[in-house]
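The chain that follows stands alone, in the form predicted alone, written as structure tokens.
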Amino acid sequence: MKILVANIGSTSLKWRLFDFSNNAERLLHKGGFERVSDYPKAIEDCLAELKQANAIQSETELSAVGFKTVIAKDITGCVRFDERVLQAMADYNGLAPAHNPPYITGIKLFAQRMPGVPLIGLFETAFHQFAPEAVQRYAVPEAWRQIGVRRWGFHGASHKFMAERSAELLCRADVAERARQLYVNHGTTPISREPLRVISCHLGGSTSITGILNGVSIGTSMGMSPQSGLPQNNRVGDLDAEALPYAVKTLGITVEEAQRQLTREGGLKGLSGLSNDIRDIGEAALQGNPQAKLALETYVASARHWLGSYFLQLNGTDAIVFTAGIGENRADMRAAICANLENLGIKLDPVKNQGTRAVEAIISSADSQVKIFVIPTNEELVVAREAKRFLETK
């Protein structure tokens, strides 16, 4: 069984092709294009590269094309795309304007190009659907709740991979299996030993932190849209509900312009006044730029806030996992987030931390009660696995 996972951006197409033959998981091919202006051609070029690499002879060899879709109205989990699902995504275009429209367009183009191949999406909200209702709710009027105003949570494929892989590294095969079977058994697979508590820190241009108990999300920092939670590259993160109408009235701007500013000029870019790239901000901070220093400190403070929240809710933690672009590559940010937490049993090894970049590693000290991991994420593998399971069970 060969499954192609397509990662669609507004001007990009990236892919990974997995082979699940003979009870194995193999990555056969990966690639991508940036600055895409002609998506039908990009899809053709993708298939041409797969054929040139002898990964496939024809697109008819594909059992499915999987997509890491973000959010849809009243739909989550792993689903096959049809008009109903695409319309549900379109209904929430406003919540994920950078993600839903290009995905809808791309999925339709894939359907036109290969009508006989199932197109399957794993929504980023799926991993958080089994969290307690109390952490999914906002204190809004009932009419608001009925139209979908609630905490959805995102980065589900990444956090699910962290749940599985951290359990394996901690020699908890029972919890790893529970996490793998989550969408089949809804987190009810029994575990054989004491509870396993993990805090997953997906830190990148888009950021969220999730508490995980026995392979299942108990809550996450992102709420109704990907614009919430921690400050991100150019997204504001959490904001008081009165801030938006106040800014609209005081600055004399439209709601739409205020939304544009919050999602394009906020976050690390707004704090630093320089860039939305943490590498640029880090360089400026080293040169003494006070705004750049403030941007980094604000990001760290928010990360520690959510880390502390899940540490309390889990009654401690067995492991903290860092992943994604910042989490995997920025030793300075990992050190700042974990600083002065020895009384909580959290202690980095400075040498291990500094020497770890984009590879799987334990970076906690030998005497740390809490294991601290760096684990490169593999969201595409999670999507491919769930697409395979969907085909086998549906």
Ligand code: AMP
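None of the values given here were measured: they were computed from a predicted structure. Numbering starts at 1 and runs along the sequence shown.
The following text describes the form predicted in complex with this ligand, which does not appear among the structures shown.
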| query | finding |
| --- | --- |
| Residue 228: touches this ligand in the predicted bound form, heavy atom cutoff 4.5 angstroms | no |
| 4.5 angstroms heavy atom contact with this ligand in the predicted bound form for residue 30 | no |
| Contact test in the predicted bound form: residue 348 vs this ligand, heavy atoms, 4.5 Å | no |
| Proximity of residue 329 to this ligand in the predicted bound form, heavy atoms at 4.5 Å | yes |
| This ligand: the contacting residue among 324, 196, 157, 131 in the predicted bound form [heavy atom, 4.5 Å] | 324 |
| The single option of 174, 318, 238, 277 touching this ligand in the predicted bound form, heavy atom within 4.5 Å | 277 |
| Residue stretch of 107-115, 278-286, 131-139, 85-93 approaching this ligand in the predicted bound form, non-hydrogen atom distance within 4.5 Å | 278-286 |
| Residues in 195-217 close to this ligand in the predicted bound form, defined by a heavy atom within 4.5 Å, in order | 204, 205, 206 |
